[in-house]
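There is one chain below, alone, in structure tokens, taken in the form predicted alone.
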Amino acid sequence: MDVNKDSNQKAWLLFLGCAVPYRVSSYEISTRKVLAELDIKLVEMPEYNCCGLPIDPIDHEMMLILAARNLTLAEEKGLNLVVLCPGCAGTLRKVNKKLKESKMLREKINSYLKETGREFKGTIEAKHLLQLLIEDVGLEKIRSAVKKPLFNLQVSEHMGCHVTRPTGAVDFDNPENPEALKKLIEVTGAKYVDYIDKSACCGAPIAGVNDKIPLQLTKEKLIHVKDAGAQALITVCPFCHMMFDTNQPRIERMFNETFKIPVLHYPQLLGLAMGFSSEELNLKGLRVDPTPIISQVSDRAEGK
């Protein structure tokens, strides 16, 4: 069935992963709002399973099977996948590429999938939200959708580790000096503020082993963001977002620091520039109060 038939919207199958719907639903809510405004139709994927990334260090083959099953669901729909979590996106892209290129590996994984009536064929692509916005929507279309440019805001970004990695599986942006999120921020009218160690990890991957180290890493990044004069930090990863937003009050208490830096998902920033209200973008779902940003956006719209 052609999902795109009789519609001006291009359809993508939405892979939510494990963390987004349960821990950072504001990311999903704001994404749905802005993509609809950009003529992107999101098709639900209720049958999906974990991407496999958390299992990889324990059972690499099981990771391949889990990721491959998700890819076959997209193939069945005839739709490419758009993924909100960079970790999920990196895993699905990597496995998709490996299975397409290796007949031996493909046959092995398909021997397992056959037990559930599935077969990987290699007919679709998987992209992170950022990649979709840059490559398929385009900066000009996004710019044309901006109704309330955020000229009076200064923001920094944290891209995270997996949007541009692994480099062998994806050819998108420069992992050592990424520009994609910067360009998308500038399209909203907000001033982009650079800072020291911009591409350093937030520390989330090791939080389950030792939470003191990642909290220290996040604290150092928040200090650099604050010193650079940014009024907010923009993220595109649920786990990075939790480190900077959910854990920010804890970090302030632990290290006797004061940051009060609102951390917005990129679709929330774009949504504000598109004219959506804070309620529509679920800004109340943020741990760090974003009221100062909302006030400045409102003042700009009223010409103050």
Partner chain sequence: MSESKPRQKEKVEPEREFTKATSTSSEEPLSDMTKDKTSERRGSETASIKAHEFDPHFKHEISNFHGGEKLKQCFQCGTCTSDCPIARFSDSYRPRSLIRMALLGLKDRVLSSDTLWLCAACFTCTDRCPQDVEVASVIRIFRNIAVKRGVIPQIFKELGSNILENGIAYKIPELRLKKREQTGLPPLPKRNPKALEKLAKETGFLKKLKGSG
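If you're wondering where the values come from, they're calculated on a predicted model, not measured in any experiment. Positions refer to the first chain, counted from 1.
There is another form of this protein, the form predicted in complex with the partner chain, and it is not shown here; the text below is about that form.
A.B. asks: Using a 4.5 Å heavy atom cut-off, which of 187 to 195, 114 to 122, 132 to 140, 149 to 157 contacts the partner chain in the predicted complex?
C.D. replies: Residues of 114 to 122 come within 4.5 Å of the partner.
A.B. asks: Would the partner chain in the predicted complex be within 4.5 angstroms of a non-hydrogen atom of every residue among C161, T167 and D211?
C.D. replies: Verified in the predicted complex; spot residues all in contact, yes.
A.B. asks: Is it the case that E75, even though its partner is missing from this view, gets within 4.5 Å of the partner chain in the predicted complex, heavy atoms only?
C.D. replies: Answer no; every heavy atom of E75 is more than 4.5 Å from the partner chain in the predicted complex.
A.B. asks: Find out whether any non-hydrogen atom of P21 is located within 4.5 angstroms of the partner chain in the predicted complex, and reply yes or no.
C.D. replies: It does: once the partner chain is placed as it appears in the predicted complex, P21 has a heavy atom within 4.5 Å of it.
A.B. asks: Would G275 show up as a contact with the partner chain in the predicted complex if we use heavy atoms at 4.5 Å?
C.D. replies: The answer is no: G275 has no heavy atom within 4.5 Å of the partner chain.
A.B. asks: Would F239 show up as a contact with the partner chain in the predicted complex if we use heavy atoms at 4.5 Å?
C.D. replies: It does: once the partner chain is placed as it appears in the predicted complex, F239 has a heavy atom within 4.5 Å of it.
A.B. asks: Could you run down 40 to 74 and flag each residue that has a heavy atom within 4.5 Å of the partner chain in the predicted complex?
C.D. replies: The stretch 40 to 74, when checked against the partner chain in the predicted complex, contributes E44, M45, P46, E47, Y48, N49, C50, P54, I55, D56, P57, I58, D59, H60, E61, M62, I65, L66, R69 at the 4.5 Å heavy-atom cut-off.
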